[in-house]
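Here we start with a single chain on its own, the form predicted alone, put down as C-alpha cells.
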C-alpha cells in the first residue's frame, strides 16, 4: 500500500510525511533524498558528462532505510544522509532530476522498495508518474515566503553560510524548473486532495491529513 504526497520544494512534505508515518506506524519514503543522493554522486565525481554518468547509474548500489525518525541513504556502502542536505547539492538537484535516465533509476528503486508493507512517500510527481494508482494522494502547497523559511531552518543546521535570500531564490528557480521540465513535471494529480499549509501550524496540517487517511484507507 502506498500513500503519496506531492508538492513544491519546502511545502512541508517530508516533515509531514515522517510525522504521519510515526503516528500511524507505517514506513516513510523520501524520494527527494534519492535524487539528492544521485546529484551528490555526480558532483563528487567531478561533474562528468551527464550521458556518461547516467549510463553507469545502474551500477550504483543505492540503499535507503527509515529509522529513528531519519531517512538514511547510502550509495555503494557510503552514508550520504547528511552530505546531501547542503546548498551545493540543492543548487543542482533539479537539473539532475530532470533527466529521464535519472528519473527511471529512482522510480524503479522506489517501486521495488514499496512492494511489501505500507508506505507514505513524498515527492513531486509520485501521484502522476510514479504511483498513479496510489491508494491515497495529497498535494501540499504553501506560499514561497513560508516555504523558504522552512527550508532555511532545515539547511542551516548543515550549512551555516546559507541565507534566507539564497533559499528563496533557490526555491523560486526550482519551482520554475520542476513545473516546466520535459520529463514528469510537477503538477497536481486530478484525484489528489489539496492541503494548503500557509498559516497552519505543523500539528494542524499533520492532524488534518491523519484524519483524512483514517477515513479513506484501511491500514489494518
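Positions refer to the first chain, counted from 1. Predicted model only: the values in this text are computed from it and were never measured.
Another form, the form predicted together with cytidine-5'-monophosphate, is not on view; read the next lines as being about it.
Contact annotation for residue 103: at least one heavy atom lies within 4.5 Å of cytidine-5'-monophosphate in the predicted bound form. For residue 78, no non-hydrogen atom is located within 4.5 Å of cytidine-5'-monophosphate in the predicted bound form, even though that partner is not displayed. Although the partner is absent here, residue 120 lies well away from cytidine-5'-monophosphate in the predicted bound form, with no heavy atom inside 4.5 Å. Proximity of residue 94 to cytidine-5'-monophosphate in the predicted bound form falls within the 4.5 Å heavy atom cutoff.
Per the 4.5 Å heavy atom criterion, cytidine-5'-monophosphate in the predicted bound form is contacted by stretch 30-38, the sole one of 159-167, 54-62, 30-38, 191-199. The listed set 172, 50, 187, 181 contains one residue whose heavy atoms approach cytidine-5'-monophosphate in the predicted bound form to within 4.5 Å, identified as 181.
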